[in-house]
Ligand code: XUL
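Shown next as structure tokens: one chain only, the form predicted on its own.
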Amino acid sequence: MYTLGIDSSTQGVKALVYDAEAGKAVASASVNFGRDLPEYGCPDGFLTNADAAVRQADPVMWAAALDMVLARLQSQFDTSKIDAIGGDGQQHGSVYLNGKWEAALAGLASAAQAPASLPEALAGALARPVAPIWMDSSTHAQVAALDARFGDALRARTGSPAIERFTGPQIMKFAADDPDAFAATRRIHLVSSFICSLLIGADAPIDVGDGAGMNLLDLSSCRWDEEICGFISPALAAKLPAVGNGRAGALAPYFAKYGLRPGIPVAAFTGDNPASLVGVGADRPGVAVMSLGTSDTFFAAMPTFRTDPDGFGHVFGNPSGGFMSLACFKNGSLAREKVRAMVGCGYDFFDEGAFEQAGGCGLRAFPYFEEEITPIHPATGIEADFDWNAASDAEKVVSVVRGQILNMFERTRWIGAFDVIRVTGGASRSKGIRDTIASVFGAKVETLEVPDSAAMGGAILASRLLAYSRKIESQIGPMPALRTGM
């Protein structure tokens, strides 16, 4: 049984074929927006803009990349063997479609009238030519308005406080800035549900995992919050797809050109973080994942919905059921790299030698080179509880790593305790960092080598859908197309 996972990320699209019986990837293909699709003007995944707070992309580029990645996959794997498809998209990004959207989808669903390409299918169907992505922070006024209206109730209901990058504030800004274009918008999709809609030739649902990153979804009921949606715009509710998971639909005939079999099941796409939770095998309580990258991210499954009492962590839906927590620490590997440059040492010393010399010290320092978000703290440089200038190089290294991990521990204790922490990202190679994590959290630390964890998560979700549907069909007939809440 082979399934396909598609990851539409910030800088490109990946497609991964998963052998469900062997439990491993057997083929993959990728497209980089800057290198492979330069005509769309998004070298780093977004359009250049004089305002650094504005980060938008061309959604037609995402469709073109889907065409290209499937063509590349077909050249190296017999795609007719693929039995189901799942996937994800970068969280928070939004796509605005007009009245021609339904006709565009109908063309993909018609074997007789299929367009030549996905960009051709989308011609004239965009109510807004650009899509704000997760990096866009131009909605300060809208966040302030949501805070003033709902306060802590927003976090209690949606799992997160009002966030500039989240979809709800982005929709609110668009409705205010361009009311005519907003009025012409018939459907608003997330990146994940937009790609999934193209695949099935019909409106796909917004999955709970991705929908939770909008400031619009009531996680206690898994339905759109009518009061919040109405505050953003009285017309908003009618423009949103259903909320749902499971089977989104069947693969549209258009994709037969890539050797895929029309009619195979397509699982509702989720967000990249929820997909990664599944892809690294942490979608059940007891295992947490620590991604040590440009920013450090900590996420884990949660059986019940509860929010961070301090208001910094986020709660999303878990595609495997229940919920997941996520906390992001902006000063991650880039901060560690700056400390390494300040000390003037190589990786051998920073990753291990410093800990051998000063590993037992109780010093801690916090590298605030960027404005921190967990907790909120201005960019002030190094803040230490000792004389930084008088400290040895080893003490500086160890104190910074210890400070970061202790901060992460303090800010994630509300989630629960963990027996295992799976560490990924470039800094996971450091024995000193891994040992510090194990000591602070009191957990077994495992290093992950899952380069395409989001695509893998989508493929695993597709394999579960397929196994479930085959079991149900053998017992009681075809499974329902979708489990939804409005």
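Definition used throughout: the rigid core is the maximal C-alpha set that superposes within 1.5 Å between two forms. Quick caveat, the model's predicted, so the values are computed rather than measured. Note that residue numbering begins at 1 and tracks the sequence as displayed.
There is another form of the same protein, the form predicted in complex with D-xylulose (XUL); it is not shown, and what comes next is about it.
- Any idea which of 192-200, 122-130, 272-280, 249-257 reaches within 4.5 Å of D-xylulose (XUL) in the model of the complex, heavy atoms considered? Only one stretch qualifies here: 272-280.
- Using heavy atoms only and a 4.5 Å cut-off, decide whether all three of His92, Arg165 and Ser295 touch D-xylulose (XUL) in the model of the complex. Answer is yes for this spot.
- Message: By the heavy atom within 4.5 Å rule, which residue out of Ala354, Ile232, Leu326, Leu97 makes contact with D-xylulose (XUL) in the model of the complex?
- Response: That would be Leu326.
- Query: Just one of Trp101, Trp134, Phe150, Phe174 has a heavy atom within 4.5 angstroms of D-xylulose (XUL) in the model of the complex, so which one?
  - Reply: Filtering the options by heavy-atom distance leaves Trp134.
- Query: Applying a 4.5 Å heavy atom distance criterion, does Ser463 contact D-xylulose (XUL) in the model of the complex?
  - Reply: No, Ser463 stays farther than 4.5 Å from D-xylulose (XUL) in the model of the complex.
- Tell me, yes or no, whether Phe350 is in contact with D-xylulose (XUL) in the model of the complex, where a contact means a heavy atom of each within 4.5 Å. Close contact is absent here: in the model of the complex, Phe350 is far from D-xylulose (XUL), nothing within 4.5 Å, heavy atoms only.
- Message: Pick out the residues of 10-31 whose heavy atoms come within 4.5 Å of D-xylulose (XUL) in the model of the complex.
- Response: Sequence-ordered list has one entry, Thr10.
- With the core lined up, does the C-alpha of Thr79 move 2 Å or more between this form and the one not shown? No, shifts by less than 2 Å.
- Is Leu292 among the residues whose Cα moves by 2 Å or more between this form and the one not shown after superposition of the rigid core? After core superposition, the displacement of the Leu292 C-alpha between this form and the one not shown reaches the 2 Å mark, so yes.
- Message: Does Phe182 shift between this form and the one not shown by 2 angstroms or more at the C-alpha, the core having been superposed?
- Response: Where the cores coincide, Phe182 shows only a C-alpha shift between this form and the one not shown that is less than 2 Å.
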